[in-house]
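Take a look at this one chain, the form predicted on its own, written out in C-alpha coordinates.
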(Lines give C-alpha, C1' and ligand atoms only; values in the text may rest on other atoms or scores of the structure.)
Protein backbone atom coordinates (compact mmCIF):
# COMPACT_ATOMS: atom_id res chain seq x y z
CA UNK A 1 0.00 0.00 0.00
CA UNK A 2 2.75 2.45 0.93
CA UNK A 3 4.49 2.18 -2.43
CA UNK A 4 1.21 2.80 -4.25
CA UNK A 5 0.62 5.93 -2.21
CA UNK A 6 4.15 7.24 -2.63
CA UNK A 7 4.60 6.58 -6.34
CA UNK A 8 1.36 8.05 -7.66
CA UNK A 9 1.41 11.41 -9.50
CA UNK A 10 0.31 14.32 -7.30
CA UNK A 11 -0.49 18.00 -7.67
CA UNK A 12 2.68 20.05 -7.32
CA UNK A 13 0.95 22.51 -4.98
CA UNK A 14 -1.29 20.30 -2.81
CA UNK A 15 -1.17 16.50 -2.43
CA UNK A 16 -4.23 15.40 -4.41
CA UNK A 17 -3.30 12.37 -6.50
CA UNK A 18 -4.05 11.43 -10.09
CA UNK A 19 -6.53 8.86 -8.74
CA UNK A 20 -8.69 11.48 -7.02
CA UNK A 21 -12.14 11.87 -8.67
CA UNK A 22 -12.53 14.59 -11.34
CA UNK A 23 -8.94 15.79 -10.99
CA UNK A 24 -7.05 17.51 -13.82
CA UNK A 25 -3.56 19.00 -13.93
CA UNK A 26 -2.36 22.09 -15.82
CA UNK A 27 0.99 22.38 -17.60
CA UNK A 28 2.70 23.15 -14.28
CA UNK A 29 1.24 20.08 -12.61
CA UNK A 30 -1.20 22.12 -10.47
CA UNK A 31 -4.64 20.57 -10.02
CA UNK A 32 -7.99 22.13 -10.90
CA UNK A 33 -8.95 22.25 -7.20
CA UNK A 34 -6.03 24.56 -6.43
CA UNK A 35 -6.84 26.71 -9.47
CA UNK A 36 -10.54 27.14 -8.61
CA UNK A 37 -10.65 30.71 -7.28
CA UNK A 38 -14.46 30.74 -7.15
CA UNK A 39 -14.43 27.78 -4.78
CA UNK A 40 -11.98 29.56 -2.45
CA UNK A 41 -13.90 32.86 -2.39
CA UNK A 42 -17.23 31.11 -1.75
CA UNK A 43 -15.69 29.27 1.18
CA UNK A 44 -14.54 32.51 2.78
CA UNK A 45 -18.02 33.97 2.42
CA UNK A 46 -19.46 30.89 4.14
CA UNK A 47 -16.98 31.24 7.02
CA UNK A 48 -17.77 34.93 7.53
CA UNK A 49 -21.51 34.31 7.48
CA UNK A 50 -21.29 31.29 9.80
CA UNK A 51 -19.17 33.16 12.34
CA UNK A 52 -21.84 35.84 12.74
CA UNK A 53 -24.78 33.43 12.80
CA UNK A 54 -23.19 31.02 15.29
CA UNK A 55 -22.48 33.83 17.74
CA UNK A 56 -26.13 34.94 17.47
CA UNK A 57 -27.35 31.38 18.08
CA UNK A 58 -25.15 31.01 21.16
CA UNK A 59 -26.22 34.37 22.57
CA UNK A 60 -29.87 33.44 22.09
CA UNK A 61 -29.72 29.96 23.67
CA UNK A 62 -26.97 30.24 26.29
CA UNK A 63 -28.14 29.37 29.81
CA UNK A 64 -31.66 28.23 28.85
CA UNK A 65 -31.10 24.45 29.17
CA UNK A 66 -29.35 22.04 31.50
CA UNK A 67 -26.42 22.19 29.08
CA UNK A 68 -25.79 24.71 26.32
CA UNK A 69 -24.12 22.15 24.07
CA UNK A 70 -22.90 18.59 23.81
CA UNK A 71 -19.35 18.24 22.41
CA UNK A 72 -18.50 15.06 20.52
CA UNK A 73 -15.10 14.50 22.09
CA UNK A 74 -12.83 11.83 20.61
CA UNK A 75 -9.75 12.79 22.63
CA UNK A 76 -7.94 13.88 19.45
CA UNK A 77 -6.34 17.28 19.03
CA UNK A 78 -9.14 18.85 16.97
CA UNK A 79 -12.00 17.86 19.27
CA UNK A 80 -9.87 18.83 22.28
CA UNK A 81 -9.42 22.32 20.88
CA UNK A 82 -13.13 22.44 20.00
CA UNK A 83 -13.97 21.64 23.62
CA UNK A 84 -11.58 24.35 24.80
CA UNK A 85 -13.17 26.89 22.42
CA UNK A 86 -16.66 25.98 23.58
CA UNK A 87 -15.78 26.51 27.24
CA UNK A 88 -13.31 29.39 27.14
CA UNK A 89 -14.15 31.42 24.03
CA UNK A 90 -17.91 30.92 23.80
CA UNK A 91 -18.58 30.48 27.56
CA UNK A 92 -20.90 27.50 27.07
CA UNK A 93 -21.96 24.99 29.73
CA UNK A 94 -20.83 21.74 28.13
CA UNK A 95 -21.61 18.04 28.32
CA UNK A 96 -18.68 16.18 26.76
CA UNK A 97 -19.41 12.86 25.03
CA UNK A 98 -17.02 10.14 23.84
CA UNK A 99 -17.82 7.10 21.73
CA UNK A 100 -15.50 4.22 22.64
CA UNK A 101 -15.29 2.24 19.41
CA UNK A 102 -12.97 -0.41 20.88
CA UNK A 103 -9.89 0.99 19.13
CA UNK A 104 -9.21 4.23 21.03
CA UNK A 105 -5.59 4.69 22.12
CA UNK A 106 -5.06 4.33 25.90
CA UNK A 107 -3.20 7.66 25.80
CA UNK A 108 -6.27 9.27 24.18
CA UNK A 109 -8.39 8.07 27.09
CA UNK A 110 -5.90 9.60 29.52
CA UNK A 111 -6.05 12.82 27.51
CA UNK A 112 -9.84 12.84 27.77
CA UNK A 113 -9.68 12.45 31.54
CA UNK A 114 -7.10 15.21 31.94
CA UNK A 115 -8.83 17.65 29.59
CA UNK A 116 -12.38 17.35 30.96
CA UNK A 117 -10.94 17.73 34.45
CA UNK A 118 -8.91 20.80 33.49
CA UNK A 119 -11.89 22.44 31.76
CA UNK A 120 -14.35 21.41 34.48
CA UNK A 121 -16.95 19.86 32.19
CA UNK A 122 -19.32 16.94 32.72
CA UNK A 123 -18.43 13.92 30.62
CA UNK A 124 -19.95 10.60 29.53
CA UNK A 125 -18.45 7.69 27.57
CA UNK A 126 -20.55 5.26 25.54
CA UNK A 127 -19.11 1.91 24.47
CA UNK A 128 -21.22 -0.17 22.07
CA UNK A 129 -20.69 -3.92 22.05
CA UNK A 130 -17.21 -4.68 20.70
CA UNK A 131 -18.65 -7.52 18.62
CA UNK A 132 -21.13 -5.10 17.05
CA UNK A 133 -18.39 -2.56 16.26
CA UNK A 134 -16.23 -5.25 14.67
CA UNK A 135 -19.20 -6.38 12.60
CA UNK A 136 -19.87 -2.80 11.54
CA UNK A 137 -16.25 -2.28 10.46
CA UNK A 138 -16.15 -5.61 8.69
CA UNK A 139 -19.26 -4.87 6.61
CA UNK A 140 -18.08 -1.31 5.92
CA UNK A 141 -14.75 -2.70 4.69
CA UNK A 142 -16.16 -5.42 2.47
CA UNK A 143 -19.31 -3.85 1.04
CA UNK A 144 -19.75 -0.66 -0.99
CA UNK A 145 -22.20 0.89 1.49
CA UNK A 146 -21.81 4.60 0.77
CA UNK A 147 -21.96 6.90 -2.23
CA UNK A 148 -18.40 7.20 -3.62
CA UNK A 149 -18.80 11.00 -3.66
CA UNK A 150 -19.23 10.96 0.13
CA UNK A 151 -16.03 8.94 0.45
CA UNK A 152 -13.85 11.60 -1.16
CA UNK A 153 -13.70 13.17 2.34
CA UNK A 154 -13.85 10.16 4.65
CA UNK A 155 -13.28 6.41 4.72
CA UNK A 156 -16.23 4.03 4.85
CA UNK A 157 -15.30 2.77 8.33
CA UNK A 158 -14.93 6.29 9.73
CA UNK A 159 -18.27 7.22 8.18
CA UNK A 160 -19.96 4.30 9.95
CA UNK A 161 -18.36 5.20 13.28
CA UNK A 162 -19.32 8.86 12.94
CA UNK A 163 -22.89 7.83 12.12
CA UNK A 164 -23.13 6.25 15.58
CA UNK A 165 -21.58 9.35 17.14
CA UNK A 166 -24.08 11.58 15.33
CA UNK A 167 -27.09 9.48 16.31
CA UNK A 168 -26.00 9.04 19.93
CA UNK A 169 -25.23 12.71 20.42
CA UNK A 170 -28.58 13.62 18.86
CA UNK A 171 -30.39 11.20 21.21
CA UNK A 172 -28.69 12.82 24.21
CA UNK A 173 -29.43 16.32 22.93
CA UNK A 174 -33.12 15.51 22.40
CA UNK A 175 -33.47 13.80 25.79
CA UNK A 176 -31.83 16.68 27.65
CA UNK A 177 -33.15 19.50 25.44
CA UNK A 178 -29.61 20.56 24.52
CA UNK A 179 -29.73 23.14 21.70
CA UNK A 180 -26.28 22.54 20.13
CA UNK A 181 -24.12 19.61 19.07
CA UNK A 182 -20.47 20.56 18.51
CA UNK A 183 -17.90 18.48 16.64
CA UNK A 184 -14.24 18.90 15.70
CA UNK A 185 -14.50 18.70 11.92
CA UNK A 186 -12.33 20.98 9.78
CA UNK A 187 -12.97 22.39 6.31
CA UNK A 188 -11.77 19.74 3.92
CA UNK A 189 -13.50 17.13 6.06
CA UNK A 190 -16.84 18.88 5.49
CA UNK A 191 -18.03 21.41 2.87
CA UNK A 192 -18.15 25.05 3.98
CA UNK A 193 -21.94 25.25 3.71
CA UNK A 194 -22.24 22.77 6.61
CA UNK A 195 -20.23 24.72 9.20
CA UNK A 196 -23.57 25.02 11.00
CA UNK A 197 -27.03 23.67 10.26
CA UNK A 198 -30.16 22.64 12.10
CA UNK A 199 -30.50 18.90 12.45
CA UNK A 200 -33.22 17.30 10.32
CA UNK A 201 -33.51 13.70 11.46
CA UNK A 202 -36.44 12.82 9.18
CA UNK A 203 -34.43 13.77 6.09
CA UNK A 204 -31.36 12.06 7.53
CA UNK A 205 -33.40 8.90 8.24
CA UNK A 206 -34.90 8.75 4.76
CA UNK A 207 -31.62 9.37 2.96
CA UNK A 208 -29.84 6.65 4.97
CA UNK A 209 -32.55 3.98 4.77
CA UNK A 210 -30.75 1.91 2.07
CA UNK A 211 -27.55 2.05 4.14
CA UNK A 212 -29.29 0.91 7.33
CA UNK A 213 -31.15 -1.82 5.46
CA UNK A 214 -27.82 -3.15 4.19
CA UNK A 215 -26.30 -3.12 7.68
CA UNK A 216 -29.37 -4.86 9.12
CA UNK A 217 -29.21 -7.59 6.47
CA UNK A 218 -25.51 -8.18 7.15
CA UNK A 219 -25.34 -7.66 10.94
CA UNK A 220 -28.87 -8.00 12.32
CA UNK A 221 -31.70 -5.97 13.83
CA UNK A 222 -29.48 -4.66 16.66
CA UNK A 223 -28.27 -2.05 14.16
CA UNK A 224 -31.37 -0.05 15.05
CA UNK A 225 -30.24 0.27 18.66
CA UNK A 226 -27.08 2.08 17.63
CA UNK A 227 -28.04 3.89 14.45
CA UNK A 228 -31.69 4.95 14.77
CA UNK A 229 -33.84 7.11 17.07
CA UNK A 230 -37.18 5.93 18.46
CA UNK A 231 -40.40 7.52 17.26
CA UNK A 232 -41.38 8.21 20.88
CA UNK A 233 -38.31 10.37 21.43
CA UNK A 234 -38.83 12.19 18.14
CA UNK A 235 -42.48 12.93 18.92
CA UNK A 236 -41.62 14.25 22.40
CA UNK A 237 -39.04 16.70 21.03
CA UNK A 238 -40.13 20.28 20.44
CA UNK A 239 -37.17 21.22 18.22
CA UNK A 240 -33.95 19.81 16.83
CA UNK A 241 -30.49 21.05 17.83
CA UNK A 242 -28.05 22.86 15.58
CA UNK A 243 -24.84 21.08 14.59
CA UNK A 244 -21.85 23.42 14.67
CA UNK A 245 -18.20 22.90 13.73
CA UNK A 246 -16.29 25.60 15.60
CA UNK A 247 -12.89 24.70 14.22
CA UNK A 248 -13.99 25.62 10.69
CA UNK A 249 -14.18 29.26 11.81
CA UNK A 250 -10.65 29.29 13.26
CA UNK A 251 -7.59 30.24 11.22
CA UNK A 252 -5.08 28.10 13.11
CA UNK A 253 -2.29 25.64 12.32
CA UNK A 254 -1.90 22.19 13.82
CA UNK A 255 1.18 23.28 15.76
CA UNK A 256 -0.74 26.22 17.19
CA UNK A 257 -3.53 23.88 18.26
CA UNK A 258 -1.03 21.58 19.95
CA UNK A 259 0.49 24.51 21.85
CA UNK A 260 -2.92 25.71 23.03
CA UNK A 261 -4.04 22.32 24.33
CA UNK A 262 -0.73 21.39 25.94
CA UNK A 263 -1.58 23.29 29.19
CA UNK A 264 -4.64 21.04 29.53
CA UNK A 265 -2.30 18.04 29.89
CA UNK A 266 -2.88 16.72 26.36
CA UNK A 267 -0.03 14.67 24.84
CA UNK A 268 0.17 13.00 21.44
CA UNK A 269 -0.33 9.20 21.47
CA UNK A 270 2.48 7.12 20.04
CA UNK A 271 0.31 4.24 18.82
CA UNK A 272 -1.64 6.03 16.07
CA UNK A 273 -0.91 6.95 12.44
CA UNK A 274 0.08 10.32 11.01
CA UNK A 275 -3.52 11.36 10.29
CA UNK A 276 -5.03 10.55 13.69
CA UNK A 277 -4.36 11.56 17.29
CA UNK A 278 -6.72 9.14 19.00
CA UNK A 279 -7.80 6.09 16.94
CA UNK A 280 -5.81 2.87 16.36
CA UNK A 281 -8.01 1.56 13.52
CA UNK A 282 -7.49 4.66 11.36
CA UNK A 283 -4.51 3.18 9.49
CA UNK A 284 -6.61 0.17 8.55
CA UNK A 285 -9.47 2.42 7.43
CA UNK A 286 -7.07 4.32 5.16
CA UNK A 287 -5.61 1.04 3.89
CA UNK A 288 -9.07 -0.24 2.88
CA UNK A 289 -9.98 3.05 1.21
CA UNK A 290 -6.72 3.15 -0.75
CA UNK A 291 -7.14 -0.46 -1.90
CA UNK A 292 -10.65 0.25 -3.17
CA UNK A 293 -10.28 3.76 -4.59
CA UNK A 294 -6.56 4.28 -5.25
CA UNK A 295 -6.24 7.41 -3.08
CA UNK A 296 -6.22 8.26 0.63
CA UNK A 297 -9.37 9.64 2.31
CA UNK A 298 -7.14 12.33 3.86
CA UNK A 299 -5.93 13.83 0.59
CA UNK A 300 -8.77 16.37 0.39
CA UNK A 301 -8.48 17.56 4.00
CA UNK A 302 -4.67 17.86 3.96
CA UNK A 303 -4.72 19.62 0.58
CA UNK A 304 -7.23 22.14 1.91
CA UNK A 305 -4.89 22.92 4.84
CA UNK A 306 -2.03 23.43 2.38
CA UNK A 307 -4.07 25.93 0.34
CA UNK A 308 -4.93 27.81 3.52
CA UNK A 309 -1.21 27.95 4.44
CA UNK A 310 -1.97 26.03 7.64
CA UNK A 311 0.23 23.06 6.68
CA UNK A 312 3.22 22.62 4.38
CA UNK A 313 3.12 20.14 1.51
CA UNK A 314 6.03 18.26 3.09
CA UNK A 315 4.20 18.00 6.42
CA UNK A 316 1.08 16.74 4.65
CA UNK A 317 2.98 14.03 2.78
CA UNK A 318 4.67 12.93 6.00
CA UNK A 319 1.25 12.49 7.60
CA UNK A 320 -0.12 10.66 4.58
CA UNK A 321 2.75 8.18 4.44
CA UNK A 322 2.78 7.46 8.19
CA UNK A 323 0.50 4.39 8.20
CA UNK A 324 2.04 1.78 10.57
CA UNK A 325 1.81 -1.79 9.30
CA UNK A 326 1.41 -3.21 12.80
CA UNK A 327 -1.81 -1.23 13.30
CA UNK A 328 -3.15 -2.37 9.93
CA UNK A 329 -2.31 -6.00 10.72
CA UNK A 330 -3.86 -5.75 14.18
CA UNK A 331 -7.17 -4.56 12.72
CA UNK A 332 -7.05 -7.25 10.02
CA UNK A 333 -6.66 -9.86 12.74
CA UNK A 334 -9.45 -8.44 14.92
CA UNK A 335 -11.87 -8.17 11.99
CA UNK A 336 -10.72 -11.43 10.37
CA UNK A 337 -10.14 -9.76 7.00
CA UNK A 338 -7.47 -9.99 4.33
CA UNK A 339 -6.60 -8.00 1.23
CA UNK A 340 -8.22 -10.40 -1.23
CA UNK A 341 -11.59 -10.16 0.55
CA UNK A 342 -11.48 -6.35 0.46
CA UNK A 343 -10.46 -6.23 -3.20
CA UNK A 344 -13.52 -8.23 -4.28
CA UNK A 345 -15.52 -5.00 -4.19
CA UNK A 346 -12.83 -2.68 -5.51
CA UNK A 347 -14.27 0.49 -7.04
CA UNK A 348 -13.08 0.85 -10.64
Partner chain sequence: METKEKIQSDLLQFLSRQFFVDIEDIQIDKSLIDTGIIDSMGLIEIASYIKKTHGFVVSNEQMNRDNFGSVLKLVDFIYKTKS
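Being a predicted model, the structure only gives us computed values, none of them experimental. Numbering follows the first chain given and starts at 1.
Below, we refer to the form predicted in complex with its partner chain, which is not included among the displayed structures.
Position in contact with its partner chain when the complex is considered in the predicted bound form, options 314, 66, 37, 60, heavy atoms within 4.5 Å:
Of the candidates 314, 66, 37, 60, 37 is the one lying within 4.5 Å of its partner chain in the predicted bound form.
Position in contact with its partner chain when the complex is considered in the predicted bound form, options 232, 206, 175, 213, heavy atoms within 4.5 Å
Contact check passes for 206.
Among 167 to 175, 257 to 265, 128 to 136, 188 to 196, mark the stretch whose residues have heavy atoms within 4.5 Å of its partner chain in the predicted bound form.
Comparing against its partner chain in the predicted bound form, the contact stretch is 188 to 196.
Thinking of 20, 53 and 147 as one candidate spot, does its partner chain come within 4.5 Å of a heavy atom in every one of them in the predicted bound form?
Answer is yes for this spot.
How about residue 45: is it within 4.5 Å of its partner chain in the predicted bound form, going by heavy atoms?
Yes, contact at 4.5 Å.
Looking at the partner-bound form in the predicted bound form, is residue 117 within 4.5 Å of its partner chain by any heavy atom?
Although its partner chain is absent here, residue 117 would stay clear of it in the predicted bound form, with no heavy atoms inside 4.5 Å.
Given that the partner is absent here, does residue 200 sit within 4.5 Å of its partner chain in the predicted bound form, heavy atoms only?
Looking in the predicted bound form, residue contacts with its partner chain include residue 200, since a heavy atom lies within 4.5 Å.
Is residue 293 near its partner chain? Define near as a heavy atom within 4.5 Å, in the predicted bound form.
Residue 293 lies outside the contact set for its partner chain.
In the predicted bound form: members of 54 to 69 within 4.5 Å of its partner chain, any heavy atom
Nothing in this stretch is in contact.
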